[in-house]
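Only one chain is included here, represented as structure tokens and corresponding to the form predicted alone.
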Amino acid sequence: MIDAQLLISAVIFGLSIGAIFFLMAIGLSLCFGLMRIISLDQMLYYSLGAYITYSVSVASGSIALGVLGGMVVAGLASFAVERLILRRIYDRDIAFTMITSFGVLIGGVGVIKYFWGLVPRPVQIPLSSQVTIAGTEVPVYRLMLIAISLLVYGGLWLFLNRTIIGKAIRAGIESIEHVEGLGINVYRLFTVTFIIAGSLSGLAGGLYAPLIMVDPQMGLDVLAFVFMVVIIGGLGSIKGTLVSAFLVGQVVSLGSLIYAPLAQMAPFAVMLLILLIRPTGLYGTAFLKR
């Protein structure tokens, strides 16, 4: 019998991990939905966000400033990669773009090692206070992560449904040919989408940095889980990414509570089960070649 307080702690832990998974995976989902590329280099921007947060927080003493700096640097890095590399291969096969983005990730890890070395770096937790929920003390910082992920989801929804650029991106996800037919420069949409995706990945790294040791391999360590979140939710679906991220977070958290190895195995079992029932994921639609 699992203790009630332990169960509540595990649920909150799972939701906070899911929040980070969402911020990391949403970039992958957006890039696939509009550009039909699997942008594994999003994990590089996640790592960059964490390292910039570390460096700025050490220099200034402000974690918030570090997270903001991480978002900006990650956004600039994603802009450079999109303009210099990915823009040249949009018309190539999806497997080719995935391998190219993975090469960018591996090369970026090497750059991080060059500037910051191989030793993991700690980042101070900005909020050490706790709040009591049903008799269980829960870290406020983890609740803040959950709230931020929901705010990001709400902001993305408003952007995609209430702004001209957002509506153009949604239309491009449905049919890029129709958007081109309206005279809209789709490559500008690609750039905007990629910068948003990279900035959110950097935000994920900056927010998660205080809970882990910042390490050059941190992007590679979570790559399988993030890819799994996107697959379960449905490629290109923002709502599916949110639901899937919280689902995987809970499976990891509760699985480790029941039996530690389940934290690694159970998410893959869940993914296989869902794909057997819904091959396109929870909220995905059939893949259409462009």
Partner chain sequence: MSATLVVKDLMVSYGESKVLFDIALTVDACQVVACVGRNGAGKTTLLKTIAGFLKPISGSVTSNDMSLVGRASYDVARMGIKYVPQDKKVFSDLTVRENLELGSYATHDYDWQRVTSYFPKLTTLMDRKAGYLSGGERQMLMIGRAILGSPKLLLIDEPTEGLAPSIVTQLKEVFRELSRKTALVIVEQNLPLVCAIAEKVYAIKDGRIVAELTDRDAIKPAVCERYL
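From a predicted model like this one, the values you see are computed outputs, not experimental measurements. Residue numbers count along the first chain shown, from 1.
One more form of this protein, predicted together with the partner chain, exists but is not displayed; see below.
- In the model of the complex, the partner chain stays beyond 4.5 Å of every heavy atom belonging to G135.
- Although the partner is absent here, E177 is a contact residue: one of its heavy atoms lies within 4.5 angstroms of the partner chain in the model of the complex.
- Put simply, S128 is far from the partner chain in the model of the complex: not one heavy atom of it is within 4.5 Å.
- Although the partner is absent here, V119 lies well away from the partner chain in the model of the complex, with no heavy atom inside 4.5 Å.
- Proximity to the partner chain in the model of the complex, defined as a heavy atom within 4.5 Å, holds among I212, I196, L156, V186 only for V186.
- Of the candidate stretches 138 to 146, 204 to 212, 157 to 165, 70 to 78, only 157 to 165 has residues with heavy atoms within 4.5 Å of the partner chain in the model of the complex.
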